[in-house]
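A lone chain, given as structure tokens: the form predicted on its own.
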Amino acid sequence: MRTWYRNLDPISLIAWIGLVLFGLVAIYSATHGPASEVASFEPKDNFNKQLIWLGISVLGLLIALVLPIRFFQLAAFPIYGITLLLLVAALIFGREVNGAKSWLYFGSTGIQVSELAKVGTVMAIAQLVGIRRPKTMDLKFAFMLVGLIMLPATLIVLQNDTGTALVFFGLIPIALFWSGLEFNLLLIMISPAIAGYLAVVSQTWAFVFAVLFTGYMWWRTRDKRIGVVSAVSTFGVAAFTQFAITKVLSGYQLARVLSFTNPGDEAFRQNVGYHQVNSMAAIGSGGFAGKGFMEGTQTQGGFVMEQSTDFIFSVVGEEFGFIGTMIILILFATLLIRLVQLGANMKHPFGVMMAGGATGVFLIHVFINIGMATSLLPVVGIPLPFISYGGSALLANSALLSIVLALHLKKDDFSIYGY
């Protein structure tokens, strides 16, 4: 009994409960009161549906806590295989929702299988890391790890769910880092994303970054090959981004990419920039303490589209102000830091990778979602974990957290199965 209380982490549970409760309050506000007059029937029922999915998630958490470590290890690859089959089934038999064919319906209940694929993928890469022999990173192992992530990511791209696919792509450097990839190579892998982002915002900043990064990597390693690769990965991506913007992308595609840089511009305000203009107006009008529960004019007027899902951060910002948004950020920071600590405490590679993968999934979601709501990133359709409405997302994210908590609860049992 003492072991149970010692290893079950209360900090993670409290952070999870706080985020979920904040989400329920925001979902209720976004779909009731004056907001309900401008909402269709389905969003009005989001709060009740989220309560049901929360109950299922709590039940799943309790079940996970009593399962042995060996179960998660043996089930990892089969669960991964099942999620791949579900992704294929969604491509063939799925229903299109918001332009993405990633939903399977069983009667009136819809499941977004791309969300469940995150759980299967993190479990699979954790098991691959756990059974790796020898315990060193090599090119063959890196390709295997990347392949496990790219397979579901490709199927999700085919479903036209680009936002969710970005989570998988972002998971690649995180997984390689946690599995022992050399830090210099990790920096090189991340640099193209930074160079590409800066190239959209400003070609000058992209050029400055490429020069500084290339110089830093050459100074750090004193290896000309690393310097050349660094230059190609930054200057090359910046140049390709500029070429795509001017020569490849269609007008609408270009507007989607560029709108976040100035969503209030007349070229974007009434179309692709509409969401972000109203989201920023809602967050900015909240001030320090917010307008109060169900008192947000942007929220209750229904001016922010998808305000119970992708743009729920604007609801919090308007009705609870700077204080509310900071509480959410602190809860997320607490949860992410704690998951990293739990992974380090487990020491076994399977547990370490599960914690690292779960942390990576949550971090990518938080970064992109809040970036969308504040116009730091383009709109790609990413929910805020535990807060946005979405039963599949709540269940999948809670499952990732539950598995990490369950592994940490029985971390002393890892030695039974060898390392």
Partner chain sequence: MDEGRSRVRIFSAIVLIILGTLSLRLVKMQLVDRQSHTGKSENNSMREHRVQAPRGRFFDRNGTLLVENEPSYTLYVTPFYFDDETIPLLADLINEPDSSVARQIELARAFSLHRRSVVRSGLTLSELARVLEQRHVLSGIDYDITQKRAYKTDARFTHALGYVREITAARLAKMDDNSTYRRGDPIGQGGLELEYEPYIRGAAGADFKMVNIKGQVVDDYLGGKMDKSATSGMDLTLTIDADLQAFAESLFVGKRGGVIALDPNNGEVLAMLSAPDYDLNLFSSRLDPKTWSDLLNSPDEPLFNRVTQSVLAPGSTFKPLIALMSLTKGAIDENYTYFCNGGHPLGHGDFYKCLAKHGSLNVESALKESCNSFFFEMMRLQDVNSLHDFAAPFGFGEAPYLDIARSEINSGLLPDSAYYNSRLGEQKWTQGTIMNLGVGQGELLISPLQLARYVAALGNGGTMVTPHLVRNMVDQETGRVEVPEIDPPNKIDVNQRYLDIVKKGMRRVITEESYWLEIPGVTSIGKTGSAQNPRSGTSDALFILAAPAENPQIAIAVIVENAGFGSGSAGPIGSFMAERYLTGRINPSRDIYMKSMMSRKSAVVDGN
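It should be emphasised that the depicted structure is a prediction, and the values quoted were computed from it without experimental measurement. Positions refer to the first chain, counted from 1.
One more form of this protein exists, namely the form predicted together with its partner chain; it is left out here, but the text below deals with it.
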Practice prompt. Would you confirm whether the three residues V113, V146 and M150 all fall within 4.5 Å of its partner chain in the predicted complex, going by non-hydrogen atoms?
Written response: no
Response to the item:
Which of 228-236, 213-221, 88-96, 309-317 lies within 4.5 Å of its partner chain in the predicted complex, heavy atoms considered? The stretch 309-317
Fill in: Among the candidates I131, M326, I82, L158, the residue which, in the predicted complex, approaches its partner chain to within 4.5 Å (heavy atoms)
M326
Worksheet item: Which one of L336, I194, I172, V200 is close to its partner chain in the predicted complex, taking close to mean a heavy atom within 4.5 Å?
Response: L336
Worksheet item: Would G390 count as a contact of its partner chain in the predicted complex, using a 4.5 angstroms cut-off between non-hydrogen atoms?
Response: no
Discussion item. Test of understanding: in the predicted complex, would A206 fall inside 4.5 Å of its partner chain by heavy atoms?
Written reply: no
Discussion item. Please determine whether Q127 contacts its partner chain in the predicted complex, using a 4.5 Å cut-off between heavy atoms.
Written reply: no
Discussion item. Residue-level contact is defined here as any heavy atom of the residue lying within 4.5 Å of its partner chain in the predicted complex; does S375 satisfy this criterion?
Written reply: yes
Item to complete: At a 4.5 angstroms cut-off on non-hydrogen atoms, which residues of 359-397 are near its partner chain in the predicted complex? List them in order.
Response: T359, G360, L363, V366, F367, I370, G371, T374, S375, L376
